[in-house]
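Next up: a single chain in structure tokens, the form predicted alone.
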Amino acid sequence: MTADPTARTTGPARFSEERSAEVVAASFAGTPDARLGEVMTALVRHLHAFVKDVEPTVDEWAAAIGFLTEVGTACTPVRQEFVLLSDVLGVSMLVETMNNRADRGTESTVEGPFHLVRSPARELGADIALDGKGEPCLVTGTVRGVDGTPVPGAAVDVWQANADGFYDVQQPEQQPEGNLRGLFTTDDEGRFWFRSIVPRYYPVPTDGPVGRLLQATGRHPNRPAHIHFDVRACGYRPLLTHLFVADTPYLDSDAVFGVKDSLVREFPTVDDPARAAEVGLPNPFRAVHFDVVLRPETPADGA
């Protein structure tokens, strides 16, 4: 029997300050998708608890809605302000951490707001530093499974900021397209290598609503120097991670909370003319080795 939509709601089922979350959550009881119903019920419960805790004024709540509207307006095909907001609130890192509990492979971290363009496919050993700036660096590594088996044919997507602390998508008029980006494929022994520069620390974008939020709360916007890695292979869980420079500032105060000790590496100087000539870099140069361990894919990963 279908409920009469004209029937009046009376008594305890009506909205009140005390029962607000209960009444609103009940409106989602008929959600066909069980997971969506669970999420919406939890959202209502926690959101109403937050509002009751903070007790915003009408003007404050309007300002909050205005802020979120600005965040959405600031998003473009090459800028994701909502990802940045999620990052600086630590939510991106929390989601990553929760989804990689008891991980026997390389630890994951946040993707960041700048992986918005496709990295150009490059041959192993290619130089991804197209603007000629920065301290030359050789990056080498392997991709293996948790049992140590090499993973040939793995896709290793890398991107980083330039020597001035900007990504190519932030400076389309100043940096070559695809600068400091590359999509590499591991060889038969699971190895990868490419030429780049030592990454530099940099601030997240501060010219938008998220930047104003950081300023208003007295937080610095800086991230420690790092190279992003997105590693994928058939039969394995995709991995989003960073390679951090050991002597960079802000390792202990990353604006997006992405640092994990296992991802920090030394970038020693190599003073070897023969080796420099072999890899096509000036002598001396910096070098780093980063081995990536992928977890096997499980049925739950495809759910």
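Start at 1 with the first residue shown and count on from there. Keep in mind it's a predicted model, so treat the numbers as computed, not measured.
One more form of this protein should be noted, the form predicted together with a small molecule, which is absent from this view; the next part is about it.
Trainee: Taking 4.5 Å between heavy atoms as the contact cutoff, choose which of 144, 200, 228, 181 touches the small molecule in the predicted bound form.
Mentor: Filtering the options by heavy-atom distance leaves 228.
Trainee: Only one of 138, 204, 169, 233 gets a heavy atom within 4.5 Å of the small molecule in the predicted bound form. Which one?
Mentor: Exactly one residue meets the criterion: 204.
Trainee: Tell me which stretch of 220-228, 129-137, 144-152, 67-75 has a heavy atom within 4.5 angstroms of the small molecule in the predicted bound form.
Mentor: Heavy-atom contact with the partner occurs in 220-228.
Trainee: When the contact criterion is heavy atoms within 4.5 Å, does residue 112 count as touching the small molecule in the predicted bound form?
Mentor: Heavy-atom contact with the small molecule at 4.5 Å: present for residue 112.
Trainee: Could you tell me if residue 239 has a non-hydrogen atom within 4.5 Å of the small molecule in the predicted bound form?
Mentor: Answer no; every heavy atom of residue 239 is more than 4.5 Å from the small molecule in the predicted bound form.
Trainee: Would residue 245 sit within 4.5 Å of the small molecule in the predicted bound form, counting heavy atoms only?
Mentor: Judged by the heavy-atom cut-off of 4.5 Å, residue 245 is well away from the small molecule in the predicted bound form.
Trainee: Taking the small molecule as it sits in the predicted bound form, is residue 256 near enough to touch it, meaning that at least one heavy atom pair lies within 4.5 angstroms?
Mentor: Yes, residue 256 lies within 4.5 Å of the small molecule in the predicted bound form.
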